[in-house]
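A single chain comes next, written as structure tokens; it is the form predicted alone.
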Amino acid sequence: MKHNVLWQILLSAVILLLSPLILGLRNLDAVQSAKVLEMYVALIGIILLVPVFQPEQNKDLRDLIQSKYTKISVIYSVRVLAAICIGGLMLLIYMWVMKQGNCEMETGKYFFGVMAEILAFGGLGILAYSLSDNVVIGYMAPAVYYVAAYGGGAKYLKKFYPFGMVTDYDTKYVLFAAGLVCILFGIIIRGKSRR
């Protein structure tokens, strides 16, 4: 944990801690709460999930890991699960803070919706990173998707529109599945390329 996700955890925490300076977190109605969670908090998925392959950029570390009995895809899977759990915990804490500020939300519904986005943003980055072997492209792919969604909206992305918490919640199930598929294929592709 210390060597693989510490800086991502710290960066995500700083971004979430700075949010009250950018966004209001008090007395929000359900629509405003959804907007804050979808358009701001879900971005931690990019920070936490995309760099899961980065430690192996160091050739010595890559050779050491490959010399061990445990498959590298298992190591990637553990890193991804750890990042998802940390993202979920941060989201719960953030939602609790919002609740303390008298913000309206359906906790379970909003939690799943934002986790689906975290998986979609992070999964797209993982897949792009695994295909390109370049962490910058891994970060750029979900950033471009975010900007396209923000600019083009539901009209062009349809069921892949990430900000549909209050307009079309079915998009969250599609994003959840798409995120899992991207993560799975990213791990498989990266695992095979590192044999």
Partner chain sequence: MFLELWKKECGQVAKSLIYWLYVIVLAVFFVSQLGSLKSHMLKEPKKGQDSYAEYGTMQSNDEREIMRTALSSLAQGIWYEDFTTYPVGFVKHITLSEEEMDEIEGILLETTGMSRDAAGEDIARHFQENNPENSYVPYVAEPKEGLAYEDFLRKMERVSEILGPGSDFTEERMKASAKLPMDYEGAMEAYRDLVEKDGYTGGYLRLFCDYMGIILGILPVFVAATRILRDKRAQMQDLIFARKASSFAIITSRYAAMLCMMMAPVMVLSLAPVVECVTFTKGSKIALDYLAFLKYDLGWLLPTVMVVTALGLFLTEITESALAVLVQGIWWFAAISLGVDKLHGGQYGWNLIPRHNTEINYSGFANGYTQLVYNRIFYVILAIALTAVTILIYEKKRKGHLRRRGKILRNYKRTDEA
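Residue numbers count along the first chain shown, from 1. Note that this is a predicted model, so its numbers are computed, not measured.
Beyond the structure shown, there is the form predicted in complex with the partner chain, which is absent from this document and is the topic of what follows.
J.: Does the 4.5 Å heavy atom contact test between residue 35 and the partner chain in the predicted complex come out positive?
T.: Contact with the partner chain, yes.
J.: So, residue 157 and the partner chain: in the predicted complex, are they within 4.5 Å at any heavy atom pair?
T.: Output for residue 157 is no: heavy atoms all beyond 4.5 Å of the partner chain.
J.: Does the partner chain come within 4.5 Å of any heavy atom of residue 137 in the predicted complex?
T.: Looking in the predicted complex, residue contacts with the partner chain include residue 137, since a heavy atom lies within 4.5 Å.
J.: Are any of the heavy atoms in residue 166 no more than 4.5 Å from a heavy atom of the partner chain in the predicted complex?
T.: Looking in the predicted complex, residue contacts with the partner chain do not include residue 166, since no heavy atom lies within 4.5 Å.
J.: Going by heavy atoms, what in 33-55 lies within 4.5 angstroms of the partner chain in the predicted complex?
T.: Heavy-atom contacts to the partner chain in the predicted complex: 35, 36, 39, 40, 43, 47.
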